[in-house]
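Given as structure tokens, the chain that follows is alone and in the form predicted on its own.
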């Protein structure tokens, strides 16, 4: 298993360069990369014990692969495969597929690392590959969004790198367990970098513009898999160092409420989905011990929703209310919306039930409000009129079949969720959300300010967040 792990980590980077040598195989190599990761993730679920590797010495690269890693890796694999299928008949060049493969590999590496330096390398490589995919259309707008993403990401990772050095100075190790002996400033700096990279709380307000302005398959990849590379280390840190668990849970609650507050009032489909990515990342952090399963269900449903949103005749929800969409697309949109709202028969139900059961007592009210906000938001999609006809990309249904099929199959992970008590509560929350939408939010035209999303304010918010983190760590 050790040798297989090394091959699996190195394979995407090797294939990413092979694409340039044999461009005719670009789609096939990208799809094979996703299949290899999905197979490896399944092997992790079947393994009797976690796999720990030290590739250099006690101060070098350390890897930990277990069922938690397996959920995140499987998410990355399925989302990547869906994006490849979606783009199969498009005019995407070998450059696009090469960057997609490298992005996939770097995100996988982040899910395996448990030391700060190798994690830093993985996150930086993923940032470069993601920015190249964002800028792929080569329009002035896409280039600016890509540069903005890269600059914000690199600034955050500078904070992170200084924190990693401080951890080593205090504990003589770059391993995550060194956080136990780390000074408060080291924790604040590392968490600052990861909060920004993962799109968490106010530090993640770079995410709505980036995800909404990217091409449809790139948006699906970013929201479905890439942002989780920044969230996974926070989940792992909460599990490895129990003293950090309350801090990470508190950011999970704040993130869930912040994202859903924006999403409820958003009238642009892709921006609403982007804000919900922020909110759903909060659910992952609010209950770290079950965050892997929630990450899988969120990755599948959010990728599907972005692919569907890219196939709608308009991004404006106001226009869509007067422009019927294809009945088949509406059905797919409704299934995905049901799942993320926590409706039974889809894995979003089991993930939400498991998360709610794992919350601390002080989190319960806030997270139920976030769940209610999710139901309100996705009522916007469910109550759209259907009956029109429209063409979609040839690979659209293959990609959706993989993602929505995964939502059905993932029910088996927590089949114990299907009890009468567990079913009644999500249905009541969804019904209340639909009722509030129909009676109140459907008529509201509140436009929330985008001041904090501006480039200069994003950098300023990092400094304010760093002060907040330092105060919380000291407390």
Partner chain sequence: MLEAFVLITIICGFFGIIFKKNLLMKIISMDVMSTGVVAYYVLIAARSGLFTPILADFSAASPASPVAYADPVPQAVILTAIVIGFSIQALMLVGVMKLSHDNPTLEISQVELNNTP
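Numbering follows the first chain given and starts at 1. If you're wondering where the values come from, they're calculated on a predicted model, not measured in any experiment.
Separately, the form predicted in complex with the partner chain exists; it is not shown, and the next lines address it.
Participant: Going by heavy atoms within 4.5 Å, which of 221-229, 207-215, 176-184, 248-256 lines up against the partner chain in the model of the complex?
Facilitator: Comparing against the partner chain in the model of the complex, the contact stretch is 207-215.
Participant: Test of understanding: in the model of the complex, would residue 124 fall inside 4.5 Å of the partner chain by heavy atoms?
Facilitator: Residue 124: contacts the partner chain in the model of the complex.
Participant: Using the partner position in the model of the complex, report whether residue 389 sits within 4.5 Å of the partner chain, counting heavy atoms only.
Facilitator: No, no contact at 4.5 Å.
Participant: How about residue 131: is it within 4.5 Å of the partner chain in the model of the complex, going by heavy atoms?
Facilitator: Yes.
Participant: With a cut-off of 4.5 Å between heavy atoms, is residue 141 one of the residues that contacts the partner chain in the model of the complex?
Facilitator: Yes, residue 141 is a contact residue.
Participant: Looking at 168, 88, 265, 397 here, can you tell me which has any non-hydrogen atom within 4.5 angstroms of the partner chain in the model of the complex?
Facilitator: It is 168 that has a heavy atom within 4.5 Å of the partner.
Participant: Would you kindly say which of 314, 321, 155, 358 lies with a heavy atom within 4.5 Å of the partner chain in the model of the complex?
Facilitator: Of the listed residues, the single hit is 155.
Participant: Quick one: which residues from 274-310 get a non-hydrogen atom within 4.5 Å of the partner chain in the model of the complex?
Facilitator: Result: empty, none.
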